[in-house]
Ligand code: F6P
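First comes one chain, alone, set out as structure tokens in the form predicted alone.
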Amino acid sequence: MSELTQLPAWQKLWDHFADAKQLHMRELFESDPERAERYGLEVGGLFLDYSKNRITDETLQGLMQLAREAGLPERIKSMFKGEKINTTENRAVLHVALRNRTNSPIFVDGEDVMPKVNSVLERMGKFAHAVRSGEWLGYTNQPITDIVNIGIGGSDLGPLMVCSALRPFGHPRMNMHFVSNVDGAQLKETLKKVHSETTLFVVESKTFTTQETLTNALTARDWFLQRARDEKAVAKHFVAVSTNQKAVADFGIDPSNMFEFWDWVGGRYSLWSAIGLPIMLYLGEENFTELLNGAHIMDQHFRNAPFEQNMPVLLAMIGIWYINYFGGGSHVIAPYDQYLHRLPAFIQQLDMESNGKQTRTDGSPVNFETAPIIWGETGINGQHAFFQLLHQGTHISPIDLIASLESRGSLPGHHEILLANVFAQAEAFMRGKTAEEVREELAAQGMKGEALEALVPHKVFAGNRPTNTLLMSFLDPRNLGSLIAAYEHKIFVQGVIWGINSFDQWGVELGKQLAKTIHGELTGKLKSAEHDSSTRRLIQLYRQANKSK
């Protein structure tokens, strides 16, 4: 593996950065009337304006050369061919197979995975139709009105985000609920809203042994049986997304209502698989297929488009420019759409769990920054919260502003105000406001002399703050699929540049292991283990507070 910092393009970009860091986007726009046209790209129903970045043609040429020298073309081919690029777990990475709408063969260990993918999709479709049409009845012969998804991580956040984003497309009879937190409050409050006769629980766990998920699932099962009082009724109200048929059957779920997925499906990339069953139940098979179609459009674009016109590659490499050259350690996701309010959290998991690594694939430590801290909120709310820091703070935090052009379903007059804010914020971040402009503005308001001059520095905005504007023609399943896939591939590209494995997550394991030991101590099942003084003290505080239990 080539050392990133020794690649010719890496060094050349540092030489270029010495001059480029002084450039202001105001000047770049003034000197190039065609900048917005040249730095814009459309894929399907998704448009990207990346002109408001601190880049020039020379910057982009250097970044694309870096991508080639880092082996990106070969890595893209390897992923789509089903090679085991998740090296620490010896697994292929094939979320692209889940939305392979051409059905072209994709092989893992010599076996074409597409027949199995299509078989599970077909079973999901039949089941979803039965539930949505009212053919599937509960133990008192009533149709299902509420779906409670029990999972954690990718088995929760992906389906939750998509169902929230596409709520206008949801079945009018269906109410969706998502439980992930082992804190009993979340499940307790959810169960208050539903009735045992009309609720379907979807338990999502690959091994069916995940502690948080199984704890919630068993509690839900107890709640259900207190009302149904018939073990056989469990099969009508619980289904599983798993690979552990025995554990599923022992739980009381009919194995014919277990939906399979595979080890080449990473949790945070799994909403396209049977993990997306809640999405299909809510949206229907047709809309779920459109979600897959949108992702497939982006997959094909990513696989085939030249890097210079490749949306995920451009997003990734411009991100590299800020992270590794400007020292921008965070990235903001700001959707201007209430339906997308869970998108920042989804991208946060997708990016930080994928690329939050300090070790390269060859086992050597990295000596540069990797994943940025991803954060954000709906843009309108963000404007009245953290945008102050983005405009006048000391950090460089690139921002993705995401919106829909068409005002489908919006109340009269609202969408125009929303988009006015999107476009205005992008312009304000780019332009800023000079001291001269502030003086003219204050003078026009009647201020003068010392009072005017005292206020000037507080109202100056440096500008030159980078943004990407991502516009969907409108928010529908296809365009959302394309948007999610664009971020997935962006993250993959950055992982390739840094030489890290974006598809394992060993960092979550240590805390889980320690929690099992401490749980045993808290419940009295284990004697005190060796801990640092702080942890011992915390355990003692718990015991003192719960002596009567």
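So that there is no doubt, residue numbering starts at 1 and follows the sequence shown. Being a predicted model, the structure only gives us computed values, none of them experimental. The term rigid core refers to the most C-alpha atoms you can superpose between the two forms while keeping them within 1.5 Å.
One more form of this protein, predicted in complex with ligand F6P, exists but is not displayed; see below.
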### Task
May I ask you to decide between open and blocked for this site, after superimposing the site C-alphas so that ligand F6P adopts its pose in the predicted bound form, counting ligand atoms within 2.4 Å of backbone or C-beta atoms with 3 as the threshold?
open
### Query
Looking at the partner-bound form in the predicted bound form, is E353 within 4.5 Å of ligand F6P by any heavy atom?
yes
### Task
Check whether K206 has any heavy atom within 4.5 Å of a heavy atom of ligand F6P in the predicted bound form, and answer yes or no.
yes
### Message
Since only the chain is shown here, I'm wondering whether G432 would be in contact with ligand F6P in the predicted bound form (any heavy atom pair within 4.5 Å).
### Response
no
### Query
Should R268 be classed as touching ligand F6P in the predicted bound form when contacts are defined as heavy atoms within 4.5 Å?
yes
### Task
Mind telling me which stretch in 148-156, 433-441, 324-332, 307-315 gets its heavy atoms within 4.5 Å of ligand F6P in the predicted bound form?
148-156
### Task
Name the residue from S482, N53, T59, Q505 that puts a heavy atom within 4.5 Å of ligand F6P in the predicted bound form.
Q505
### Query
Given that ligand F6P is left out here, which of Q349, S196, S397, N464 has a heavy atom within 4.5 Å of it in the predicted bound form?
Q349
### Query
Taking the rigid core as the reference frame, is the Cα of A247 displaced by 2 Å or more between this form and the one not shown?
yes
